[in-house]
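Single chain ahead, written as structure tokens, the form predicted on its own.
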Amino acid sequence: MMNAQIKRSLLAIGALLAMTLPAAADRIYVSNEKDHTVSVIDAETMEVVRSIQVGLRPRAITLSKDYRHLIVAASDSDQVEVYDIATENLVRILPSGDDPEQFALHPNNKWLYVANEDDALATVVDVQSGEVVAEINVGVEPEGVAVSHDGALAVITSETTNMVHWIDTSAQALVANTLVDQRPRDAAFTRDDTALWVTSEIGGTVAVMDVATRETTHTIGFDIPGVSPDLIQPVGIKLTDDDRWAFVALGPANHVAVIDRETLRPVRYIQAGRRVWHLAFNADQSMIYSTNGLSGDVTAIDVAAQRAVKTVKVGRFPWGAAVLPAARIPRGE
């Protein structure tokens, strides 16, 4: 048995090392469409520390619920790729269907709902077994995907049909369709799953939908001084868990809109890079990051202050982003 004095000394040394080692920072993963890479950003320094070579034209990107894997939609490779977080090596290729663009992972950490843009299909694939669970016919050019927090519903938006398609996840079957404004691009459920927010790129609006009735209850428009209305094209959307704010990427308007969820009105427009595509929160939602396609960079936005604090260059045409909390970075890195 270890001598008590030696044990105390080892514990003291360990504590001292922990104090002297720099604290780990959140890690931001960004998919770059034209470079076929994922940039890895240190969120503390806002510097790119390395790039991961992935499949062709990576777009949607997310982390598994246990933070062990990074999942990437390689659209032009017609596959979804799974990377080990610890090694950043490719560990699995999933049969995603043709042209996977966006996807959302079910809370069970198994079912991945994938929009297959070229086939008017939603493919449900088990990320653990690699098996296709279901193929569900939806509208033309499916794009946005969201899964409710309770896991009961998944939705797919179709750009050409201008619809939200509602899927019962227990049956893996389409149960309803709802018309929205032109070219719906993204969707997000509120934390309590009572409402769904949907962006419409060409319509220039955000629809707030009642999940129970599957009808639009409010339509939100945007007006940025000095920016032509035709450039205001809502795409990515994120909602804060405290029901206070909605952040909307406005595409070629080069701004991120902040919507007060109580009044359902935009209260601020934050200048970002050129062609703002998608958004990702950090774990405590104190920061949100925008991917800016044409300027090839990522903008860090302070959520409380509602202002951009830093922009970092990444690869060509950054599209999606996902944030790994510092506490979940594997030991030894």
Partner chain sequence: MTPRMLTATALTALTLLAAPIARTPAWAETLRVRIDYLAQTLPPQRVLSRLMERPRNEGLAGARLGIADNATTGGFLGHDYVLTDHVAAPEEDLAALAAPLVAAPGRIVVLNLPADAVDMILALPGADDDLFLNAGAIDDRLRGADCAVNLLHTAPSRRMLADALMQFLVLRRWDRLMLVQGPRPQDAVWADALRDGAARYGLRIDHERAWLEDADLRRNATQEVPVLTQARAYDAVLVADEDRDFGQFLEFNTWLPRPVLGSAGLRSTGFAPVLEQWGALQLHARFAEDTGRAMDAGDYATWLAVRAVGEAVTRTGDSSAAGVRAYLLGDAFALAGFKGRPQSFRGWNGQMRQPIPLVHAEAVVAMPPLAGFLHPQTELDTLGVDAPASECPNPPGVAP
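What you see is a predicted model, and the numbers here were worked out from it, not measured in a lab. Numbering follows the first chain given and starts at 1.
Heads up, the form predicted in complex with the partner chain isn't pictured, but that's what we're talking about next.
With the partner chain left out here, work out from 126-134, 80-88, 222-230, 239-247 which stretch has heavy atoms within 4.5 Å of it in the predicted bound form. Within 4.5 Å of the partner lies stretch 222-230.
For the three residues 32, 62 and 96, verify that every one has a non-hydrogen atom within 4.5 Å of the partner chain in the predicted bound form; reply yes or no. No, the whole trio is out of contact, none within 4.5 Å by any heavy atom.
Against the partner chain in the predicted bound form, would residue 57 count as a contact residue? Criterion: heavy atoms within 4.5 Å. Output for residue 57 is yes: heavy atoms within 4.5 Å of the partner chain.
Does the 4.5 Å heavy atom contact test between residue 259 and the partner chain in the predicted bound form come out positive? Looking in the predicted bound form, residue contacts with the partner chain do not include residue 259, since no heavy atom lies within 4.5 Å.
At 4.5 Å between heavy atoms, is residue 255 in contact with the partner chain in the predicted bound form? Heavy-atom contact with the partner chain at 4.5 Å: absent for residue 255.
Heavy atom of residue 74 within 4.5 Å of the partner chain in the predicted bound form: Close contact is absent here: in the predicted bound form, residue 74 is far from the partner chain, nothing within 4.5 Å, heavy atoms only.
Under a 4.5 angstroms heavy atom criterion, identify the one residue in 187, 163, 154, 235 near the partner chain in the predicted bound form. That would be 163.
Which one, 108, 213, 170, 194, lies within 4.5 Å of the partner chain in the predicted bound form by heavy atoms? Of 108, 213, 170, 194, the residue with a heavy atom within 4.5 Å of the partner chain in the predicted bound form is 213.
Which residues from 177-213 come close to the partner chain in the predicted bound form, meaning a heavy atom within 4.5 Å? Contacts from 177-213: 177, 178, 179, 180, 181, 182, 183, 202, 203, 204, 205, 213.
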